[in-house]
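Taking the form predicted alone, here's one chain by itself in structure tokens.
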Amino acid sequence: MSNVFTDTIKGIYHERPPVWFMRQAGRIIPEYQLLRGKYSFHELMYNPELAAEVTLQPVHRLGVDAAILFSDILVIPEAMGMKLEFTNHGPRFETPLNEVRDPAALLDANPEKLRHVYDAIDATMASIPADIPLIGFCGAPLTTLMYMVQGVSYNHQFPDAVNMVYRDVETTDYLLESITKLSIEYALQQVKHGISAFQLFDTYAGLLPYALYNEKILPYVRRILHAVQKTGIPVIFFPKGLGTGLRVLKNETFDFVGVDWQMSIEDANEMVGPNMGVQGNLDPRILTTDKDTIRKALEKYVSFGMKEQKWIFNLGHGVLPNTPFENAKFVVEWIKNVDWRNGL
């Protein structure tokens, strides 16, 4: 199978960059909202046929160049024995690890609890268009740890979790190791079931100083991504908020790195060096404005896209819930129709 996304991530030249959005499966798709009127988020995620339907909605309705599996990064701690509820205010763990004297005693990993994800991949592969790749994913160890310790997501500073990283090195290392081992098995099973690329989300990479991140977290990231790369599947690493810490990735062998909107795509590209591609990084808030504003923001990428072939267009984070569907579709069509050889 060959398409603009698959070729670009493998270093094969195309006349335009590929385009897809993080969190494209759901939220802004009208058909998804109809499903949410009938089913809970949990029901959609755990029913393979429904998960496959949601996964493919952006392909059919937005025209993006790749699908990403409809799932959640917190299936890993759930498979480790933590009870998880998806509320209207975000995910919530019944017993966060900051309330447990011995977190290791609470956890009991059961990989079979991830079976519903593989069934969803199988259902997706049975109906996905032949020229559309499927991206698999999981949460990076640090981000997963933040949720497990804090228990809720509304405080995005995760103070108790960060405190544990500094204060209790032994427990932190144990948890990071446990998350990493299960994440590797999870990622490799996604490969076996047919994904074409894999993205590791470290949404809260910026919570730690990048020197500490480099020393303590990056070794676990490497283990997950290198395990996937050994199968021949390309990988994208998205360390949101790492900032100038992207420099530490310059000698890594990851295929692509995702870039948030707080840094220019040009600076990020220079930091990671010529061997790694970049993905990103339009501010997702711009999609909530008007088409003239969006067009002006997109035009700033043309000079970069004319000279850089290893670039996947995306947002600097996930699609926001209040994004008009028409604006997201406008971005996809604009990217596809610009003359990336000659410019505006």
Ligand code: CP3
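Start at 1 with the first residue shown and count on from there. On a predicted model such as this, the values are computed, not experimentally measured, just so you know.
Form predicted in complex with the ligand: not shown, discussed below.
Student: Would the ligand be touched by all three of 27, 36 and 74 in the model of the complex, meaning a heavy atom each within 4.5 Å?
Tutor: Each of the three qualifies.
Student: I'd like to know whether residue 304 contacts the ligand in the model of the complex, with contact meaning heavy atoms within 4.5 angstroms.
Tutor: The answer is no: residue 304 has no heavy atom within 4.5 Å of the ligand.
Student: Residue 317 near the ligand in the model of the complex, any heavy atom under 4.5 Å?
Tutor: Yes - in the model of the complex, heavy atoms of residue 317 and the ligand come within 4.5 Å of each other.
Student: Please run the contact check for residue 203 against the ligand in the model of the complex: heavy atoms, 4.5 angstroms, yes or no?
Tutor: Residue 203: contacts the ligand in the model of the complex.
Student: May I ask you to check whether residue 137 falls inside a 4.5 Å heavy atom distance of the ligand in the model of the complex?
Tutor: Yes, contact at 4.5 Å.
Student: So which of 174-182, 117-125, 88-96, 218-226 is the stretch with heavy atoms within 4.5 Å of the ligand in the model of the complex?
Tutor: Looking at the partner contacts, the answer comes out as 88-96.
Student: Which one, 23, 10, 14, 329, lies within 4.5 Å of the ligand in the model of the complex by heavy atoms?
Tutor: Checked against the cut-off, the match is 23.
Student: Any residue of 240-262 with a heavy atom within 4.5 Å of the ligand in the model of the complex counts; write them all down in order.
Tutor: Stretch hits: zero.
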